[in-house]
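Presented below, as structure tokens, is a lone chain in the form predicted alone.
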Amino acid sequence: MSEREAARLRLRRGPGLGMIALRCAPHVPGLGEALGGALGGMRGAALPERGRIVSANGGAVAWMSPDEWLLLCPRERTAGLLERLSRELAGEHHLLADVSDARAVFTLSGPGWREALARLGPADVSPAGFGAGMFRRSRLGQVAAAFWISGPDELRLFCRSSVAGYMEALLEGAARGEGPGIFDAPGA
């Protein structure tokens, strides 16, 4: 990556996040309260709507599908959060799973992240189409990924950890102005 390109986009892999997948019906009594309380004081917070993420106190809840949410937290809080949610949702039909190790996390920062993502996938990542509080699931190259704006000029992105090397190569190529070829793979 040239100095100029490196100044427009910085790519950092890790550190990992604590990630908990939660599946249940959205009308489960107290679900919003359980999620908000588990994330440290978001009591009474509404569940995120389709394509959205809500965050507070170092944690976040992202909408994944009509009956699925992804909870994000510092890695060291994952076990405690799982226990608390299990207690608060006891008696309700639900599934909780720690998926932290199954996902690799990347941080893209600098003014070039939108341009790099636009080279890799079909999602509208323009300022008008993708803003703060939005959570997007899409394909980048041949890889399923999810991403959200995590700060000024900063994006967090995750994919399955089994394809993290491929994703890193895609992102580095996009930072250099390259797009993926349909049959390209790192090292091919």
Partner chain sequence: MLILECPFCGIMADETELAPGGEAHVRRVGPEGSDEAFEAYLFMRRNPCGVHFELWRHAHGCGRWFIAARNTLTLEVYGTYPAQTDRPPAAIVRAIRRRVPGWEWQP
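Positions refer to the first chain, counted from 1. Everything numeric in this text was worked out from a predicted model, so none of it was measured.
Another form, the form predicted in complex with its partner chain, is not on view; read the next lines as being about it.
The single contact residue among A62, A34, V143, L155, judged by any heavy atom lying within 4.5 Å of its partner chain in the model of the complex, is V143. At the 4.5 Å threshold, heavy atoms of S55 stay clear of its partner chain in the model of the complex, well away from it.
Shown alone here, G151 lies farther than 4.5 Å from its partner chain in the model of the complex, counting heavy atoms only. Interface residue remark: H27 is not counted as part of the site for its partner chain in the model of the complex, having no heavy atom within 4.5 Å.
For the chain shown alone, P122 is a contact residue for its partner chain in the model of the complex, at least one non-hydrogen atom being within 4.5 angstroms. The partner is not shown here, but in the model of the complex the stretch 124 to 153 reaches within 4.5 angstroms of its partner chain through a heavy atom at R136, R137, S138, R139, Q142, V143, A144.
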